[in-house]
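Here you get one chain, nothing else, as C-alpha coordinates; it is the form predicted on its own.
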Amino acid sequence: MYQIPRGTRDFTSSEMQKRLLVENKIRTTFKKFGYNEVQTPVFETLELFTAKSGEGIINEIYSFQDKGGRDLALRPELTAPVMRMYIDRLQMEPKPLKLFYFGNCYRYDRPQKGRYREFKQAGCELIGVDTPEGYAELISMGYKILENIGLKNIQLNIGNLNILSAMFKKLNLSEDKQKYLVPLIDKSMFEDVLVALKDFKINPNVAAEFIDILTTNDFKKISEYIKEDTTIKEEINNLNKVLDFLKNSFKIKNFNIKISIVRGLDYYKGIVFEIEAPTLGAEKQLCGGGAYELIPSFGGSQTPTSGFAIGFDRAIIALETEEYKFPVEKLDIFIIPVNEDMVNKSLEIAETLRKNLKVDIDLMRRGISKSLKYASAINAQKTIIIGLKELEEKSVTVRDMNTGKQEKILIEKLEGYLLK
(Lines give C-alpha, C1' and ligand atoms only; values in the text may rest on other atoms or scores of the structure.)
Protein backbone atom coordinates (compact mmCIF):
# COMPACT_ATOMS: atom_id res chain seq x y z
CA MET A 1 0.00 0.00 0.00
CA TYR A 2 1.63 3.25 -1.11
CA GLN A 3 1.03 6.33 1.03
CA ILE A 4 0.86 9.93 -0.06
CA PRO A 5 3.93 11.96 1.08
CA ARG A 6 3.45 13.94 4.30
CA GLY A 7 2.21 17.47 3.75
CA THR A 8 0.70 16.78 0.31
CA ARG A 9 -2.87 16.08 -0.77
CA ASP A 10 -4.94 14.41 -3.47
CA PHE A 11 -7.93 16.28 -4.86
CA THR A 12 -11.02 14.43 -6.04
CA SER A 13 -13.00 15.70 -9.01
CA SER A 14 -15.51 17.46 -6.71
CA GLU A 15 -12.64 19.15 -4.85
CA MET A 16 -11.05 20.16 -8.14
CA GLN A 17 -14.33 21.75 -9.21
CA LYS A 18 -14.11 24.01 -6.13
CA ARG A 19 -10.46 24.83 -6.77
CA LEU A 20 -10.98 25.63 -10.46
CA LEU A 21 -13.98 27.80 -9.64
CA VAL A 22 -11.92 29.84 -7.16
CA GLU A 23 -8.93 30.00 -9.52
CA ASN A 24 -11.08 31.26 -12.39
CA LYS A 25 -12.64 33.97 -10.21
CA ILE A 26 -9.18 35.11 -9.08
CA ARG A 27 -7.90 35.09 -12.66
CA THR A 28 -10.90 37.11 -13.83
CA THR A 29 -10.32 39.78 -11.16
CA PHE A 30 -6.61 40.08 -12.01
CA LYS A 31 -7.47 40.57 -15.68
CA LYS A 32 -10.09 43.22 -14.87
CA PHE A 33 -7.33 45.25 -13.24
CA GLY A 34 -5.16 44.99 -16.37
CA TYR A 35 -2.81 42.22 -15.15
CA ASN A 36 -1.37 39.57 -17.50
CA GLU A 37 -0.55 35.99 -16.54
CA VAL A 38 3.01 34.60 -16.50
CA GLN A 39 4.51 31.23 -15.55
CA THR A 40 7.95 30.19 -14.29
CA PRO A 41 9.61 26.76 -13.73
CA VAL A 42 8.75 24.62 -10.71
CA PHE A 43 12.49 24.44 -9.87
CA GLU A 44 15.14 27.15 -10.00
CA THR A 45 18.77 27.50 -9.02
CA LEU A 46 19.18 27.30 -5.24
CA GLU A 47 21.13 30.57 -5.33
CA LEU A 48 18.01 32.46 -6.44
CA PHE A 49 16.36 31.81 -3.07
CA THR A 50 19.43 32.08 -0.84
CA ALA A 51 20.24 35.47 -2.42
CA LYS A 52 16.82 36.72 -1.40
CA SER A 53 16.31 35.03 1.97
CA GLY A 54 19.78 33.97 3.16
CA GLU A 55 21.39 30.54 3.64
CA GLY A 56 18.98 29.74 6.49
CA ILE A 57 16.21 29.07 3.97
CA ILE A 58 17.95 25.85 2.91
CA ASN A 59 16.47 24.13 5.97
CA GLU A 60 12.98 25.18 4.90
CA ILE A 61 13.00 24.17 1.23
CA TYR A 62 13.40 21.12 -0.97
CA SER A 63 16.88 21.49 -2.47
CA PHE A 64 18.86 18.94 -4.49
CA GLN A 65 21.66 18.45 -6.99
CA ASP A 66 20.81 17.38 -10.52
CA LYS A 67 22.86 14.86 -12.49
CA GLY A 68 25.16 17.65 -13.62
CA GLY A 69 25.95 18.61 -10.02
CA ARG A 70 23.97 21.86 -10.17
CA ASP A 71 22.32 23.05 -6.94
CA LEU A 72 18.59 23.42 -7.53
CA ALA A 73 15.47 23.91 -5.40
CA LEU A 74 11.74 23.48 -5.76
CA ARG A 75 10.36 27.01 -5.58
CA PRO A 76 9.15 27.95 -2.05
CA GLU A 77 7.39 31.05 -3.42
CA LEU A 78 6.94 32.88 -6.70
CA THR A 79 8.18 36.45 -6.29
CA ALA A 80 11.87 35.61 -6.76
CA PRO A 81 11.27 33.53 -9.94
CA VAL A 82 9.13 36.30 -11.45
CA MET A 83 11.81 38.89 -10.63
CA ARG A 84 14.41 36.62 -12.24
CA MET A 85 12.22 36.37 -15.35
CA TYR A 86 11.74 40.15 -15.38
CA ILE A 87 15.51 40.73 -15.34
CA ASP A 88 16.08 38.05 -17.98
CA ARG A 89 13.39 39.09 -20.43
CA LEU A 90 11.19 42.03 -19.47
CA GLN A 91 13.36 44.93 -18.28
CA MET A 92 12.92 46.85 -21.53
CA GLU A 93 9.13 46.39 -21.67
CA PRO A 94 6.95 49.52 -21.25
CA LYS A 95 6.09 50.29 -17.62
CA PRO A 96 4.13 49.63 -15.60
CA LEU A 97 4.27 45.87 -15.86
CA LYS A 98 1.30 44.16 -14.24
CA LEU A 99 1.98 40.44 -13.87
CA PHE A 100 0.03 37.70 -12.09
CA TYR A 101 0.57 33.98 -11.64
CA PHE A 102 -0.63 30.70 -10.14
CA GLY A 103 1.69 27.88 -9.19
CA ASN A 104 2.45 25.07 -6.78
CA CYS A 105 5.16 25.88 -4.23
CA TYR A 106 7.08 23.65 -1.84
CA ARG A 107 8.31 24.18 1.73
CA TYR A 108 9.72 21.67 4.19
CA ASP A 109 7.34 22.85 6.90
CA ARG A 110 5.41 21.23 9.74
CA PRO A 111 2.05 20.32 8.18
CA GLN A 112 -1.06 21.68 9.91
CA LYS A 113 -4.48 22.99 8.92
CA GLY A 114 -4.02 25.52 6.14
CA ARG A 115 -0.26 24.86 5.90
CA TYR A 116 1.14 22.15 3.64
CA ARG A 117 4.49 21.13 2.14
CA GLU A 118 3.02 21.41 -1.34
CA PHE A 119 0.63 24.33 -1.70
CA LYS A 120 -0.82 26.54 -4.39
CA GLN A 121 -0.03 30.23 -4.47
CA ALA A 122 -1.66 33.01 -6.46
CA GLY A 123 0.02 36.38 -6.62
CA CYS A 124 1.04 39.41 -8.60
CA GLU A 125 3.84 41.93 -9.12
CA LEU A 126 3.44 45.60 -10.04
CA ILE A 127 6.71 46.85 -11.57
CA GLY A 128 7.56 50.49 -12.23
CA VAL A 129 4.95 52.16 -9.99
CA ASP A 130 5.44 53.92 -6.65
CA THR A 131 2.50 56.34 -6.57
CA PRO A 132 -0.17 56.32 -3.82
CA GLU A 133 -2.85 55.49 -6.39
CA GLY A 134 -0.76 52.54 -7.59
CA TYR A 135 -0.46 51.12 -4.08
CA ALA A 136 -4.14 51.78 -3.38
CA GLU A 137 -5.16 49.94 -6.55
CA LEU A 138 -2.91 47.00 -5.64
CA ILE A 139 -4.35 46.72 -2.13
CA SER A 140 -7.93 47.09 -3.34
CA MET A 141 -7.35 44.36 -5.93
CA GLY A 142 -6.23 41.93 -3.21
CA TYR A 143 -9.32 42.82 -1.16
CA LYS A 144 -11.70 42.52 -4.11
CA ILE A 145 -10.22 39.16 -5.16
CA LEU A 146 -11.17 37.71 -1.79
CA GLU A 147 -14.60 39.36 -1.95
CA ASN A 148 -15.18 38.10 -5.48
CA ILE A 149 -14.44 34.47 -4.61
CA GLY A 150 -17.27 34.71 -2.08
CA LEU A 151 -15.70 35.54 1.28
CA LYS A 152 -17.81 37.72 3.58
CA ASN A 153 -15.68 38.02 6.71
CA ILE A 154 -12.28 39.51 5.85
CA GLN A 155 -10.16 42.16 7.54
CA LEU A 156 -7.64 44.43 5.78
CA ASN A 157 -4.68 45.70 7.84
CA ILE A 158 -2.27 48.32 6.49
CA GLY A 159 1.14 49.26 7.84
CA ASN A 160 4.32 51.04 6.80
CA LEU A 161 7.83 49.82 7.53
CA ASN A 162 9.41 53.26 7.07
CA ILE A 163 7.11 54.65 9.74
CA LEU A 164 8.05 51.76 12.03
CA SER A 165 11.74 52.55 11.37
CA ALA A 166 11.07 56.18 12.36
CA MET A 167 9.52 54.92 15.61
CA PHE A 168 12.66 52.86 16.31
CA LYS A 169 14.74 55.93 15.52
CA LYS A 170 12.74 58.01 18.04
CA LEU A 171 13.81 55.52 20.74
CA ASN A 172 17.45 55.55 19.52
CA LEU A 173 17.40 51.78 19.10
CA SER A 174 20.44 50.23 17.43
CA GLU A 175 20.07 47.96 14.40
CA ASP A 176 20.73 44.87 16.54
CA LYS A 177 18.01 45.88 19.00
CA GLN A 178 15.59 46.52 16.13
CA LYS A 179 16.32 43.06 14.71
CA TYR A 180 15.58 41.55 18.11
CA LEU A 181 12.25 43.38 18.37
CA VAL A 182 10.96 42.78 14.83
CA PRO A 183 10.03 39.06 15.27
CA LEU A 184 8.25 39.89 18.53
CA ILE A 185 6.31 42.70 16.87
CA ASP A 186 5.54 40.46 13.89
CA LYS A 187 3.89 37.94 16.24
CA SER A 188 2.09 40.68 18.24
CA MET A 189 4.02 39.67 21.37
CA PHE A 190 3.77 43.17 22.83
CA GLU A 191 4.36 42.13 26.45
CA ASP A 192 7.67 40.64 25.36
CA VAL A 193 8.43 43.86 23.47
CA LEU A 194 7.88 45.81 26.70
CA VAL A 195 10.22 43.49 28.58
CA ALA A 196 12.87 43.91 25.87
CA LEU A 197 12.53 47.71 25.94
CA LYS A 198 12.99 47.62 29.71
CA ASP A 199 16.17 45.56 29.18
CA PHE A 200 17.29 48.19 26.64
CA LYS A 201 16.96 50.82 29.44
CA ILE A 202 14.05 52.59 27.74
CA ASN A 203 11.96 54.72 30.11
CA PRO A 204 8.76 52.77 31.04
CA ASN A 205 6.49 55.66 29.99
CA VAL A 206 8.31 55.98 26.66
CA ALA A 207 8.05 52.21 26.13
CA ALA A 208 4.32 52.23 26.95
CA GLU A 209 3.75 55.04 24.46
CA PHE A 210 5.69 53.08 21.80
CA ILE A 211 3.42 50.04 22.34
CA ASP A 212 0.34 52.28 22.25
CA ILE A 213 1.34 53.62 18.82
CA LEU A 214 2.15 50.11 17.58
CA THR A 215 -1.38 48.96 18.45
CA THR A 216 -3.48 52.03 17.61
CA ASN A 217 -5.73 52.36 14.58
CA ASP A 218 -5.58 56.17 14.79
CA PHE A 219 -3.46 57.44 11.89
CA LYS A 220 -3.49 61.01 13.25
CA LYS A 221 -2.04 59.73 16.52
CA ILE A 222 0.71 57.83 14.67
CA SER A 223 1.57 60.91 12.58
CA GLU A 224 1.75 63.08 15.70
CA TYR A 225 4.10 60.60 17.40
CA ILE A 226 6.80 60.96 14.71
CA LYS A 227 6.07 64.52 13.53
CA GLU A 228 9.52 65.73 14.61
CA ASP A 229 11.17 63.42 12.05
CA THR A 230 11.04 65.53 8.88
CA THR A 231 12.49 62.68 6.78
CA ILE A 232 9.28 60.69 7.21
CA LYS A 233 6.85 63.49 6.31
CA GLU A 234 6.43 62.44 2.66
CA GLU A 235 5.86 58.81 3.69
CA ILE A 236 3.06 59.90 6.04
CA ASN A 237 1.48 62.07 3.33
CA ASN A 238 1.63 59.24 0.79
CA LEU A 239 0.11 56.71 3.20
CA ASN A 240 -2.66 59.19 3.97
CA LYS A 241 -3.35 59.49 0.21
CA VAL A 242 -3.45 55.68 -0.11
CA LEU A 243 -6.03 55.49 2.68
CA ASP A 244 -8.12 58.23 1.04
CA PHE A 245 -8.07 56.40 -2.31
CA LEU A 246 -9.15 53.16 -0.62
CA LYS A 247 -12.06 54.85 1.14
CA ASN A 248 -13.26 57.24 -1.52
CA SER A 249 -12.27 55.72 -4.89
CA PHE A 250 -12.33 51.99 -4.17
CA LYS A 251 -15.11 52.16 -1.52
CA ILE A 252 -13.24 49.97 0.96
CA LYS A 253 -14.16 51.03 4.50
CA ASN A 254 -13.24 47.90 6.42
CA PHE A 255 -9.53 48.41 7.12
CA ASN A 256 -7.27 49.03 10.10
CA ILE A 257 -3.98 50.86 10.41
CA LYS A 258 -1.55 48.34 11.86
CA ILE A 259 2.00 49.62 12.14
CA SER A 260 3.04 46.32 13.74
CA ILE A 261 2.91 44.56 10.33
CA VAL A 262 6.53 43.80 9.47
CA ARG A 263 6.19 40.94 6.92
CA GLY A 264 9.36 39.38 8.37
CA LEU A 265 11.44 39.83 5.20
CA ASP A 266 14.25 42.36 4.82
CA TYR A 267 13.42 43.36 1.25
CA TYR A 268 10.03 44.93 2.09
CA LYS A 269 10.19 48.74 2.21
CA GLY A 270 7.43 51.26 2.88
CA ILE A 271 3.77 50.28 2.65
CA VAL A 272 2.76 46.73 3.64
CA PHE A 273 -0.61 45.06 4.09
CA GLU A 274 -2.29 41.83 5.14
CA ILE A 275 -5.81 40.50 4.69
CA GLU A 276 -7.13 38.05 7.27
CA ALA A 277 -10.09 35.69 7.67
CA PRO A 278 -10.90 35.89 11.41
CA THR A 279 -12.88 32.62 11.24
CA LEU A 280 -9.63 30.67 10.72
CA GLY A 281 -8.13 31.44 14.14
CA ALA A 282 -4.33 31.46 14.41
CA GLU A 283 -3.66 30.64 10.75
CA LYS A 284 -5.91 33.42 9.47
CA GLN A 285 -3.75 35.34 7.00
CA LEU A 286 -5.02 34.93 3.43
CA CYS A 287 -3.09 37.65 1.61
CA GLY A 288 0.07 39.62 2.31
CA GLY A 289 2.30 41.97 0.42
CA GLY A 290 3.48 45.51 -0.09
CA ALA A 291 6.33 47.51 -1.61
CA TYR A 292 9.77 45.94 -1.79
CA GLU A 293 13.29 46.29 -3.20
CA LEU A 294 14.46 43.06 -4.75
CA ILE A 295 15.47 43.64 -8.37
CA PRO A 296 18.96 45.10 -7.57
CA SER A 297 19.73 41.99 -5.46
CA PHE A 298 19.35 39.92 -8.65
CA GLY A 299 21.45 42.25 -10.80
CA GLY A 300 18.73 44.43 -12.29
CA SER A 301 18.34 48.21 -12.30
CA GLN A 302 16.55 49.83 -9.36
CA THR A 303 12.82 49.83 -10.17
CA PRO A 304 9.83 50.39 -7.87
CA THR A 305 8.12 47.06 -7.22
CA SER A 306 5.21 45.87 -5.14
CA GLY A 307 2.93 42.89 -5.06
CA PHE A 308 1.15 40.33 -2.94
CA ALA A 309 0.57 36.61 -2.57
CA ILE A 310 -2.69 34.85 -1.77
CA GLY A 311 -2.74 31.57 0.15
CA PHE A 312 -4.97 29.72 -2.30
CA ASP A 313 -5.55 26.64 -0.13
CA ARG A 314 -6.27 28.71 2.96
CA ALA A 315 -8.76 30.84 1.01
CA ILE A 316 -10.72 27.69 0.12
CA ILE A 317 -10.67 26.59 3.78
CA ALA A 318 -12.00 30.05 4.72
CA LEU A 319 -14.85 29.65 2.19
CA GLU A 320 -15.69 26.23 3.62
CA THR A 321 -15.56 27.63 7.17
CA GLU A 322 -18.06 30.32 6.14
CA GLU A 323 -20.18 27.49 4.65
CA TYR A 324 -20.04 29.02 1.20
CA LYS A 325 -22.31 27.10 -1.18
CA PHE A 326 -20.09 25.99 -4.04
CA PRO A 327 -22.15 25.39 -7.19
CA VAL A 328 -22.36 21.76 -8.25
CA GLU A 329 -20.97 21.20 -11.73
CA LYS A 330 -23.61 19.65 -13.94
CA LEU A 331 -23.42 17.55 -17.09
CA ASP A 332 -25.63 18.83 -19.91
CA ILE A 333 -26.40 15.53 -21.62
CA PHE A 334 -26.00 11.80 -20.94
CA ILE A 335 -26.68 9.56 -23.94
CA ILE A 336 -28.06 6.03 -23.48
CA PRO A 337 -27.91 3.57 -26.40
CA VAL A 338 -30.63 0.95 -25.82
CA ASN A 339 -28.48 -1.85 -27.26
CA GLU A 340 -25.23 -2.52 -29.10
CA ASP A 341 -26.75 -1.66 -32.49
CA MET A 342 -27.41 1.89 -31.28
CA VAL A 343 -23.82 2.58 -30.15
CA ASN A 344 -22.50 3.91 -33.45
CA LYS A 345 -25.34 6.43 -33.86
CA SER A 346 -25.07 7.40 -30.20
CA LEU A 347 -21.37 8.20 -30.57
CA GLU A 348 -22.10 10.20 -33.71
CA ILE A 349 -24.76 12.28 -31.93
CA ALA A 350 -22.45 12.79 -28.92
CA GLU A 351 -19.69 14.10 -31.17
CA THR A 352 -22.05 16.58 -32.82
CA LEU A 353 -23.45 17.89 -29.52
CA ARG A 354 -20.01 18.30 -27.91
CA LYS A 355 -19.39 21.35 -30.07
CA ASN A 356 -21.59 23.34 -27.67
CA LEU A 357 -22.54 21.09 -24.75
CA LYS A 358 -20.98 18.88 -22.08
CA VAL A 359 -21.92 15.37 -23.17
CA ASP A 360 -21.21 11.90 -21.79
CA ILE A 361 -22.38 8.51 -23.04
CA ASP A 362 -22.96 5.11 -21.48
CA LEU A 363 -19.88 3.06 -22.32
CA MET A 364 -20.81 0.01 -20.22
CA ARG A 365 -23.93 -1.28 -22.04
CA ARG A 366 -25.83 -1.51 -18.74
CA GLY A 367 -29.44 -0.94 -19.83
CA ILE A 368 -31.86 1.97 -19.48
CA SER A 369 -32.75 1.80 -15.75
CA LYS A 370 -29.16 1.52 -14.53
CA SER A 371 -28.02 4.17 -17.00
CA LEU A 372 -30.72 6.59 -15.76
CA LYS A 373 -29.63 5.96 -12.18
CA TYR A 374 -26.02 6.70 -13.14
CA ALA A 375 -27.05 9.85 -15.05
CA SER A 376 -28.78 11.11 -11.91
CA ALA A 377 -25.68 10.37 -9.79
CA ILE A 378 -23.42 12.46 -12.07
CA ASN A 379 -25.87 15.41 -12.16
CA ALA A 380 -26.87 15.08 -15.81
CA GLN A 381 -29.54 17.63 -16.72
CA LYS A 382 -30.97 15.62 -19.60
CA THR A 383 -30.62 12.13 -20.99
CA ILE A 384 -31.01 11.11 -24.62
CA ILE A 385 -32.33 7.59 -25.11
CA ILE A 386 -31.59 6.11 -28.51
CA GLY A 387 -33.56 2.96 -29.46
CA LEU A 388 -34.40 1.11 -32.67
CA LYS A 389 -37.92 2.55 -32.93
CA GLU A 390 -36.64 6.11 -32.43
CA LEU A 391 -33.94 5.67 -35.08
CA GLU A 392 -36.46 4.35 -37.58
CA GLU A 393 -38.34 7.64 -37.05
CA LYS A 394 -35.02 9.57 -37.22
CA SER A 395 -35.64 10.79 -33.70
CA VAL A 396 -34.49 10.29 -30.09
CA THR A 397 -36.18 10.47 -26.67
CA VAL A 398 -35.02 13.38 -24.52
CA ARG A 399 -35.69 13.07 -20.77
CA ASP A 400 -35.49 16.00 -18.34
CA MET A 401 -33.78 14.51 -15.26
CA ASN A 402 -35.26 17.14 -12.92
CA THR A 403 -38.92 16.76 -13.92
CA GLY A 404 -38.97 13.29 -15.50
CA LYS A 405 -40.71 14.73 -18.59
CA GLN A 406 -39.86 12.96 -21.90
CA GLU A 407 -40.18 14.18 -25.49
CA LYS A 408 -39.44 12.68 -28.88
CA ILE A 409 -37.25 15.03 -30.90
CA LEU A 410 -36.16 14.68 -34.53
CA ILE A 411 -32.37 14.25 -34.74
CA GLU A 412 -32.08 17.08 -37.25
CA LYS A 413 -33.71 19.44 -34.70
CA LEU A 414 -32.00 17.99 -31.62
CA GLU A 415 -29.16 20.50 -31.21
CA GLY A 416 -31.47 23.49 -31.61
CA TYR A 417 -33.92 22.00 -29.09
CA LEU A 418 -31.19 21.40 -26.49
CA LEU A 419 -29.62 24.84 -26.91
CA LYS A 420 -32.82 26.87 -26.69
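Computed from a predicted structure; not experimentally measured. In this text, rigid core is short for the largest set of C-alphas that superpose within 1.5 Å between two forms. Quick note: we count residues from 1 along the sequence shown, nothing fancier.
Keep in mind that the form predicted in complex with the RNA is not shown, yet the notes after this line are about it.
Asker: Would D360 show up as a contact with the RNA in the predicted complex if we use heavy atoms at 4.5 Å?
Answerer: No, no contact at 4.5 Å.
Asker: With a 4.5 Å heavy atom cut-off, would you call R115 a contact of the RNA in the predicted complex?
Answerer: Contact check for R115: yes, within 4.5 Å of the RNA in the predicted complex.
Asker: Is the gap between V338 and the RNA in the predicted complex 4.5 Å or less for some heavy atom pair?
Answerer: Result yes; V338 sits at the interface with the RNA in the predicted complex.
Asker: Given that the partner is absent here, does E407 sit within 4.5 Å of the RNA in the predicted complex, heavy atoms only?
Answerer: Contact with the RNA, no.
Asker: Which one of these stretches, 251-259, 173-181, 296-304, 278-286, sits within 4.5 Å of the RNA in the predicted complex when only heavy atoms are counted?
Answerer: In the other structure, the partner sits against 278-286.
Asker: Go through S376, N36, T45, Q39 and name the one with a heavy atom inside 4.5 Å of the RNA in the predicted complex.
Answerer: Contact check passes for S376.
Asker: If you check in the predicted complex, do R107, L388 and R399 all have a non-hydrogen atom within 4.5 Å of the RNA?
Answerer: Every residue of the candidate spot has a heavy atom within 4.5 Å of the RNA in the predicted complex.
Asker: For the heavy atom contacts within 4.5 Å of the RNA in the predicted complex, list the residues of 212-230 involved, in sequence order.
Answerer: The stretch does not touch the partner at all.
Asker: Rigid core fitted, then: does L243 show a CA shift of 2 angstroms or greater between this form and the one not shown?
Answerer: It does not, since the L243 C-alpha is displaced less than 2 Å between this form and the one not shown after the core fit.
Asker: Does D341 shift between this form and the one not shown by 2 angstroms or more at the C-alpha, the core having been superposed?
Answerer: Yes, because once the rigid core is superposed, the C-alpha of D341 moves 2 Å or more between this form and the one not shown.
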